[in-house]
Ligand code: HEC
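Below you'll find only one chain, the form predicted alone, shown as structure tokens.
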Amino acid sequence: MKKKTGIVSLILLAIFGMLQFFRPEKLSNSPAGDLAGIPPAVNDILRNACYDCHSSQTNLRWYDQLTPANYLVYSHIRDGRKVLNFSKWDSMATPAQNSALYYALNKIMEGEMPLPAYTMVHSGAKLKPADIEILKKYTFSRTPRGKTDTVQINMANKEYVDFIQGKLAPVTKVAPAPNGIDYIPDYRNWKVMSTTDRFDNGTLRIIFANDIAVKSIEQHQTKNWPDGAVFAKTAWKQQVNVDGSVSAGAFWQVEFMIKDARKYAETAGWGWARWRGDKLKPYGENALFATECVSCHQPMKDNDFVFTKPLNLLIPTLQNK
């Protein structure tokens, strides 16, 4: 019995040794400095927890480089760099930097990052509650909610009164988006699927879903949305009132995501369109604006490029009494 066990062990060891001759494509690896303008404590946390997969500098341990584990490790690193690469920090505009931190913080607070499988073998990357609190306070501090200017408050209040009294002039004709997508005027009759507070760009949002999307939500099929599903994301500028409360101010924009895997194959299977302001001016100079949308939603590639987590849309049932 011992002899057989020894033979099996030698065979497995030989197979493992042979596997080491097969290696994934080599990763680029170059030093990544601290993020400019970021406090040392925050830099230390990001470097320890994020840099291995989200920067040009990767600290591979010996066990990360063994085949077949290295194929999985390298794949995670490549995907991580595509989603968020802190080495590009200096080339990012401030709003983009804020969005990157906002996205990273949300993933951390949801427990999705760092990957649990990663922290199991890289314990130093595991974040403590105190670390998360430091990241949260700093991220929030980059976009503080200052009191809204009185002029803006008065304009928003007037807009609301005009709406109530039916004095708002309706937009009778809306030009299509540069990629040819037409404005959908009845989206506010759809069901609300969620709301979001984008503190990083100072907007409050309501996301509507059409009947096809709602049915998919009710059936718990939200990983791969069916063709015909449409989302309308409306945004208002945040209004910080005198008492510190936050409410919707001036209307900012409405965006649409229209699923059609074949028709919109070049833009991740979604048709993208956006209109700005009360005049509903189409966003973008030409059809290439959609690449900006795809790039922004790239972190959610595994979730069919959709950021929003639907609310629990309860389905009423009738019971016989």
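So that there is no doubt, residue numbering starts at 1 and follows the sequence shown. Computed from a predicted model, the values in this text were never measured in an experiment.
Heads up, the form predicted in complex with heme C isn't pictured, but that's what we're talking about next.
Novice: Can residue 264 be called a contact residue for heme C in the predicted complex at 4.5 Å between heavy atoms?
Specialist: Although heme C is absent here, residue 264 would stay clear of it in the predicted complex, with no heavy atoms inside 4.5 Å.
Novice: Taking heavy atoms and a 4.5 Å cut-off, does residue 207 contact heme C in the predicted complex?
Specialist: Heavy-atom contact with heme C at 4.5 Å: present for residue 207.
Novice: Taking heme C as it sits in the predicted complex, is residue 268 near enough to touch it, meaning that at least one heavy atom pair lies within 4.5 angstroms?
Specialist: Taking the distances in the predicted complex, the answer for residue 268 is no, it never comes within 4.5 Å of heme C.
Novice: Taking the shortest heavy atom distance, is residue 140 within 4.5 Å of heme C in the predicted complex?
Specialist: No, residue 140 sits far enough from heme C in the predicted complex that none of its heavy atoms falls within 4.5 Å.
Novice: Which one, 113, 217, 229, 177, lies within 4.5 Å of heme C in the predicted complex by heavy atoms?
Specialist: Of 113, 217, 229, 177, the residue with a heavy atom within 4.5 Å of heme C in the predicted complex is 113.
Novice: If the cut-off is 4.5 angstroms on heavy atoms, which of these, 98, 196, 222, 87, is the one near heme C in the predicted complex?
Specialist: Residue within 4.5 Å of the partner: 196.
Novice: Which residues, if any, of 265 to 298 lie within 4.5 Å of heme C in the predicted complex when only heavy atoms count?
Specialist: Residues within 4.5 Å: 272, 273, 274, 283, 289, 292, 293, 295, 296, 297.
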